[in-house]
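Before any questions on binding or motion, here is one chain by itself as structure tokens, the form predicted alone.
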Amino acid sequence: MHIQPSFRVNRTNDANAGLSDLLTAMQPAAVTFYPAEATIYAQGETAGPLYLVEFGMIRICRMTADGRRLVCAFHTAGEVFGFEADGTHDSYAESVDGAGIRVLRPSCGAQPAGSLLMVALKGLARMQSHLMLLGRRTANERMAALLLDLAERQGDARSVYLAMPRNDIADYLGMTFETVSRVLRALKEQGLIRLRSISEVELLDVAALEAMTD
């Protein structure tokens, strides 16, 4: 039986320095478990606290006027989500694979503005990277970029855990379900990756994957 890897936030990592400062200035609630497919907040709902992923994966989606789903982002352990430009969520958040979430609220008298800005800017940079990803010419380039991004965020340069189903990947990369499967198979046949299981990908040639995304 396949056991899902547990990617938990590492607060001592230099990459999480902004997160550590934010948690010091905030009052994290106890971890709440959201089973797979559970909604954390709805599109159009009044925005309030921020949320920290303690373990698992979250997808941020938006429904278009014609009923299509767009997957805007994935958040993994150690990442904060729930930022909005105004007082309303313009998207909705769901647990992908069973996730532990902490609600973050300002502590009494705390001034989290600087750490909030740092974390928000990291989120903005990731959003810009996603827009650049969608602008890539080929499906292979998009998939290579996604695999490298997840490897970095999960802290393993050679192995990627795909918590999300193939249709999530398709909606995130602007592809069809069939194209996702075809591209993974093509990368495997080129000797760039090995598919250990439907959810585990070994990166065999990181340099070649990086060259595809340059």
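All of these numbers come straight from a predicted model, not from anything done at the bench. Residue indices: 1-based, along the sequence shown.
What follows is about the form predicted in complex with the DNA, which we do not show.
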Considering the DNA in the model of the complex, find the one stretch among 56-64, 148-156, 42-50, 172-180 with heavy atoms no farther than 4.5 Å from it. 172-180
Quick one: does Thr88 come within 4.5 Å of the DNA in the model of the complex, counting heavy atoms only? no
Decide whether Cys72 counts as a contact residue for the DNA in the model of the complex under a heavy atom distance cut-off of 4.5 Å. no
Considering only heavy atoms, tell me if Asn167 and the DNA come within 4.5 Å of each other in the model of the complex. yes
Considering non-hydrogen atoms and a 4.5 Å limit, does the DNA approach Val103 in the model of the complex? no
